[in-house]
Structure formats: structure tokens, C-alpha cells
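First comes one chain, alone, set out as C-alpha cells in the form predicted alone.
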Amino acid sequence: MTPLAIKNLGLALGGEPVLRDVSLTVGAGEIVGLLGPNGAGKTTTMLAAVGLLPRTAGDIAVFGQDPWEHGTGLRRRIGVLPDPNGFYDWMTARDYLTFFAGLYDADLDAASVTRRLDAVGLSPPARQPIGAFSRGMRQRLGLARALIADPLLLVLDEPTNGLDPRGRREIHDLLAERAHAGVGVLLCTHILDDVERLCTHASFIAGGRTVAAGRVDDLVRTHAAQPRFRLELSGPVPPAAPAPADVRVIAHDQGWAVVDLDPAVTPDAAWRELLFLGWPITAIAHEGGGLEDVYLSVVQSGPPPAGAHTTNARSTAPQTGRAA
């Protein structure tokens, strides 16, 4: 059964609409990135998905059940990492996990607690209070708490915030392993690299509406702008060597040029043509592209009219998250 399905979700807070038309699906074994600018409604969507806020329109199903009406019965099947995390600073990490295990009716002995801390790369001194933890340590502890009941759906808000590159890679590996085991993951993040490394699918929200959704590869192919490159030049371009029609010069100064390539031409063919025309190219670097271009394209264009999602067709078969 599908871990999470949201369709045409609407939600108001204090009488003001926050979500107007949000739709997304998280299948078993999928890691779905939830992206959008600040204030777009990402956190509100996640809170509604786990049954902490009532919707005013649309449908939410967690394993086929409404989380607002059946939240208690679903709690062991959902692991949540909110932002902020809401820790008790006077507790130790071990006491904290033991306390929350009791709330989930999970009896964890000392060895089980140690294994769960080790799984997220957290091994604090036995008596160190959470109040002395760094932000990265708190993120790891929050993830360990989300995994206490071995849930089949993870809803994570900025799970790699405050982590160094090694810590991010460890969390990537952990989430990829969970997805490989069939767990569905909804990952809210501002770090596009997390989505590109981990996610099979992505959903973009702007103005409380879904503005694009689908497989990551399909979104990049559909929405990304023309390939853009920065060329380092050893000297001036010969006056008689204008760029060919399939190469558009965006900016040019002594020593460098920024160009867009027509999608119909391959980069290698474009460089050969420019070199043949006498361009003194010494180095080439790709600029932008990937999900960054998708994000700027779908978010800056603004939300579509109500009910007019620019979503892509997606496979209904479970997909395993890509390892970092």
C-alpha cells in the first residue's frame, strides 16, 4: 500500500489559506524531495501529512488511512524529524531515546539504544546533556528518534542541516539503505545536492500550490534551461570569428565568455566548432543546470492557476533511492 498520497490539499491557518492545491505521492522505496521557497507551504504540508494539522480541502492517505482521523493507529508506521526538533536539553541522548521508545511502546534495552545511536553516527559521552550538543549532533539524535519504531514512512524536515560533508554522506547512505528496504521517505530540504544525490522524485511548491512534480530526470529534461558554460580564454576572440548559430554568447569580457548551447548541439561539437573558428579556449566549466535550473524555472514563473498542476507522469512502481 502507498505510504503517502496527497491530492489537491488545501489548508488554512487563522482563517488565511496557506495551502491551496498541493499534490504529491511517496511510494514504497521512494525518496521524494519537497522543494520550494521560504513560506511556500512545505512545513505545513508535512504537518498535515502526519496528522498534526486538519485540512480544509483535498485528501491525504497514509497507508490508505486519513492521518487526522487515525493518527494514533499510524504513529508506529511514521517517523518524523521536524525543524526545530524540540529536545529536552537536560536529558542525555540515551535517556531521550529510552523515553521516546516508551511513547512508541518499544522496549529498548541499553544495547538497542547504542545500536540506534551508532546507526546515525552519534556517540556522545554517556553523561553529556543534549543542551551541550552541536546542531549536527541534534540532527543525528532527531533522526535516531524518528527511526525508533522502524517506520515504513519517514517525513524529514532538513535532516542534513548543520552536518559537515562527511555527516551528510552518512545520512545519505542511511536513508538510501532505508529506501532499499522499502521505506518511503519525504525529504524537505533547501539543499539541492541532497535531492540530486538521493531522490528519485521531486515536488516543487510555490504559493501554496504544486507547480511541478515527477521523476527528477524527467523534471531536469523538461524544465532545465539551455546548457550554459563559462569559457576561459587565453586572448581576444578574432573579429572574424563570431559564434555559430547554435552557440549564444550571454556575456563576454577579456579572458572569458559565458555561452548557452542549443539543445540540438552536443558540447563537444560546439567546442570543436569554436576552436576551428579561432576561439582561444583554455578551460570550460559548466554553470548551473540540473535541479537548480528546474527550481528557478518553476518557482520564478509563479504558481499555475488552481487545478492546473504542471506535473509529470510518474511510474507507479516502487523506486529505490539513489545512493550518495
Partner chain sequence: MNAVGLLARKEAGELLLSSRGLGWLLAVSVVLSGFGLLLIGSQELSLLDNAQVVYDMLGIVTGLGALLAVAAGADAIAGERERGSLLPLLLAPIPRGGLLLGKIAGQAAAWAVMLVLAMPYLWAVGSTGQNMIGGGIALVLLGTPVALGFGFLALGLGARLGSSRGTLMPCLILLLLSASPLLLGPSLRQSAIGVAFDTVNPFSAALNAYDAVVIDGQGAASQVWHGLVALIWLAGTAAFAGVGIHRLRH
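Residue numbers count along the first chain shown, from 1. None of the values given here were measured: they were computed from a predicted structure.
The form predicted together with the partner chain exists for this protein as well; it is not shown, and the discussion that follows is about that form.
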Heavy atom within 4.5 Å of the partner chain in the model of the complex: which of P151, P82, P227, G121? P82
Listed residue that, although the partner chain is not shown, lies within 4.5 Å of it in the model of the complex (heavy atoms), from R76, R169, R115, H180: R76
In the model of the complex, which of the stretches 46-54, 59-67, 252-260, 33-41 has residues with heavy atoms within 4.5 Å of the partner chain? 46-54
Does at least one non-hydrogen atom of L103 fall within 4.5 angstroms of the partner chain in the model of the complex? yes
How about M91: is it within 4.5 Å of the partner chain in the model of the complex, going by heavy atoms? yes
Could you tell me if P238 has a non-hydrogen atom within 4.5 Å of the partner chain in the model of the complex? no
Determine whether any heavy atom of G86 comes within 4.5 Å of a heavy atom of the partner chain in the model of the complex, and answer yes or no. yes
May I ask whether R197, T222 and Y295 all come within 4.5 angstroms of the partner chain in the model of the complex, judged by heavy atoms? no
